[in-house]
Every structure is written in structure tokens, then in C-alpha cells.
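Only one chain comes next, encoded as C-alpha cells, the form predicted on its own.
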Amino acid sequence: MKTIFSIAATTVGEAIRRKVLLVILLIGLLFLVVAPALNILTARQERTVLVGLTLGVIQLTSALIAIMLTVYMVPNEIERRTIYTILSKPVQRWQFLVGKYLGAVAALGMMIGFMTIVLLITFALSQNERHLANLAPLIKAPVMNFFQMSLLSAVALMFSTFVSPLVNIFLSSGIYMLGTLFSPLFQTLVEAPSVNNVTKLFARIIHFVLPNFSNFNVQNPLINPGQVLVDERLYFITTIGYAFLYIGILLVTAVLIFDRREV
């Protein structure tokens, strides 16, 4: 574990020093700060738009950070030949990948946490909100967003073991969009009684294989207080459990591919 944590700590330091990630983070923070400028709306509309916009900014920013942070990890180590120095020590390939992933997730968590703090401050100042109890529900979406992006990082890391960074960007982005926009569609096809069995089977396979990123989107109850989850605690536990299970499968796949690759 000491080896894994050492690689993870080095990865966090590298992430903090990468200018492109800091630029993406600063742009996201800028949007969070200027979001309250939408004061031409009514009080009800302003609150709804502010919550939806700021949470959307955090999700988009963290997705960009997760992809840009992860797609270059393995290729950069191979290109700079630093991987030979690392693997020449008593470091197994699986330890290298797991350490890299944990470092990426730690850096991602720090950046999402920072954006969440800015979100709470911005919302408190713009809405003149003094009660912490009213601000606490806003934390739920970024927390689920962290697990969503941890899953996306695992997808990008797995692809980074056998494709170039440019191809990986398109693959990871495409899977994220499909898993966010089309997973509910595939679920509807599976449950619809009017759909034929062949289509249902195809939809069931795609829905099973494709990471369901849409499950982590819990913004609607925050934007529309009238919408509530039937059992919020159970939903959060099962969704986070799904993330851990899928991440584990992706990491095992990445290790198996990387073990067979010549570097």
C-alpha cells in the first residue's frame, strides 16, 4: 500500500502543476461567481436558475477535468520513459495503475470540493441565505458528481492503456454522453410493453454494459423541490455501490490489458 500511496501522491502533485487543469478549474469558478448576475428574473426563477446553472457548471467542469486528468497518465509516462524507472523498482504494474487512479481521484475530489465551497459561498451571498441547513442540500449533487466523475476517470484510465490520448478523449467523452443521455432511453425500451423482444434484448445488453452516468444526476429534486426521491438514503447507497463495482471491473480490465502491453 505504501507504494500505491506514493504513486498517488506524486500523481496529485503532477495534477496540481498541470496548467490546462487549472485553467479549466478557473473558468468553472468564474462561471460560478458570475452566475448570480441573472438578477433580472423573479426571486423564484432566480433561485431555480441559479441552482441549475451552478450545478451544471460543476458537472461540466469536473467532467472536463476528469477526462483531461486521466487520458494522458499512462501515455505520458511511456513517452517520457519515466515508466521504465518506476517499473524497474519493486513496483508491480497493477500498483502503478491503481496508484495513478487514486491520485487522479484525489485531485479530482480536491477540485470538486473547492468548486462546492465556492458554490455555497456564492449561493449564500446572492440569496442572502444565513442558515446552513438550507445550504446543506446543495452538497448532495457535488458528492454524487464526485462518484460519477470517479467512474468516468476509470473509463478514461482503462482506455489510456491501449489508445492514444486524442482517441481516448473522444471515446471517454462519447461514453459519458451516451451513459448520461441514452441510459434512461434504454431503460424505457426494456420496460415498455409495446417494444419487441429483439429490441428489448439489444437495449438490455447496451444498458448493462454502458456505464449509467445518469443515475448520479440528482439535480432535479434540488431545482424542483416538489420532486423527491422515494428513499434517498437507499438510492445514494445503491448508486455509490454501483460506482465502486463498475470502477473495480474497469480497473481489473485496465490491469489485464496493461500487463500484456510492451512498454
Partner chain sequence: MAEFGWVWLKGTEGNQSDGRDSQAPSKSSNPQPYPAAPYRYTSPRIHTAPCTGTLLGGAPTLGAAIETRKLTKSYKRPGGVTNVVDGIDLHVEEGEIFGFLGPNGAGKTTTIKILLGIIYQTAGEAFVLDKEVGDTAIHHLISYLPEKPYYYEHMTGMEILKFYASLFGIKDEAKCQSLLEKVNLASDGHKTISQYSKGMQQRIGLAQSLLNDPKLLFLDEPTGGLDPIAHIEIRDLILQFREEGKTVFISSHELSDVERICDRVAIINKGKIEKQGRLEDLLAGGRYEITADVSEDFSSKIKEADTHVSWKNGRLIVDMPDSISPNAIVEGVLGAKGSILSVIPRRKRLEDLFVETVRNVQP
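In this text the structure is predicted, and so the values were computed from the model without any measurement. Residue numbers count along the first chain shown, from 1.
In what follows, reference is made to the form predicted in complex with the partner chain, a form of this protein that is not presented.
Residue 163, heavy atom within 4.5 angstroms of the partner chain in the predicted bound form: Looking in the predicted bound form, residue contacts with the partner chain do not include residue 163, since no heavy atom lies within 4.5 Å.
Give a yes or no for residue 128: in the predicted bound form, does one of its heavy atoms lie within 4.5 Å of a heavy atom belonging to the partner chain? Looking in the predicted bound form, residue contacts with the partner chain do not include residue 128, since no heavy atom lies within 4.5 Å.
Just to confirm, residue 90 within 4.5 Å of the partner chain in the predicted bound form by heavy atoms? Residue 90: contacts the partner chain in the predicted bound form.
Using 4.5 Å between non-hydrogen atoms, is residue 84 touching the partner chain in the predicted bound form? Contact check for residue 84: yes, within 4.5 Å of the partner chain in the predicted bound form.
Going through 2-23 from first to last, which residues have a non-hydrogen atom within 4.5 Å of the partner chain in the predicted bound form? Contacts from 2-23: 2, 3, 6, 7, 10, 13, 14, 17.
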